[in-house]
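A single chain comes next, written as structure tokens; it is the form predicted alone.
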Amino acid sequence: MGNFLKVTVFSLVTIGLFAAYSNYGIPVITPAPPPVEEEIDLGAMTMDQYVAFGGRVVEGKGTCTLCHNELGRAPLLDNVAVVADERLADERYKGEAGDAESYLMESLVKPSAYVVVGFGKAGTNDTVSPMPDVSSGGIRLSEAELGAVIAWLQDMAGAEITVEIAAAEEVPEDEGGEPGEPRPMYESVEDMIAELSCGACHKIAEEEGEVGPDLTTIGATRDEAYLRRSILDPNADIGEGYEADMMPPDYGEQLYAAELEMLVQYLADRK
């Protein structure tokens, strides 16, 4: 009887310690809601305000300045609106735009229609752009945001602003849901990588990005804690040869906890 009581007490103490450690000893990763988009009143907005809104999209949600900067990872944007006509006439152009405004739109959603010499993916002879379609994936700019970016590009180049302020948009029935309804989880890491456009900067999965570190064998040199920290706080550890603020800092807000752990495990297994 004495041994039974000892075993019982020992078991209860062990379970209690395990429960306490599980609840208080292990850091809790709480999934944050998706980023809240800036609320704008398109009907009351002046063109100057629309241009300013476009600048905020470029530097914020669009993450454009991560590559389009003085470091030379992508072409500068200061004169793209005035050289659009030259690029439309270039024999290398393979898009369908008919004027500067439509070229700017095309460069945002079909960036491989014209690739500036020296800025294409390696091995493609500047025929494939490493830039993602910013109307989809993790950036997913709306029609109003795309129009505002074009207006900002035209204004920055000193060109005539031809874009009109976009009308208020309605969420398509097959894409929207009730306000606040959580998005579906990614079904696989490959879906996550494609949707978040990770391959625009990194070599990962089947993608061949060259802006960020090569992740094809990252698990051979980095443990899960490092990988998790690098996703949640990309400026915590800067790889040799890279600069701070290259990677968007909000993946902790875009991903659910289970998705984050799925991505961390995937990277840890790349040996």
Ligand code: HEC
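Small disclaimer: the values here were computed from a predicted structure and weren't measured. Heads up: residue numbers just count along the shown sequence, starting at 1.
Not on display, but discussed next: the form predicted in complex with heme C.
Interface residue remark: residue 43 is not counted as part of the site for heme C in the predicted bound form, having no heavy atom within 4.5 Å. Taking the partner from the other structure, heme C in the predicted bound form has no heavy atom within 4.5 Å of any heavy atom of residue 70. Using a 4.5 angstroms limit between non-hydrogen atoms, residue 231 touches heme C in the predicted bound form. Heme C is not shown here, but in the predicted bound form it comes within 4.5 Å of a heavy atom of residue 119. A heavy atom within 4.5 Å of heme C in the predicted bound form is found for exactly one of 97, 163, 144, 198: 198. Shown here without heme C, the chain has 196, 197, 198, 200, 201, 202, 211, 212, 213, 215, 218 in 192-220 lying with a heavy atom within 4.5 Å of that partner in the predicted bound form.
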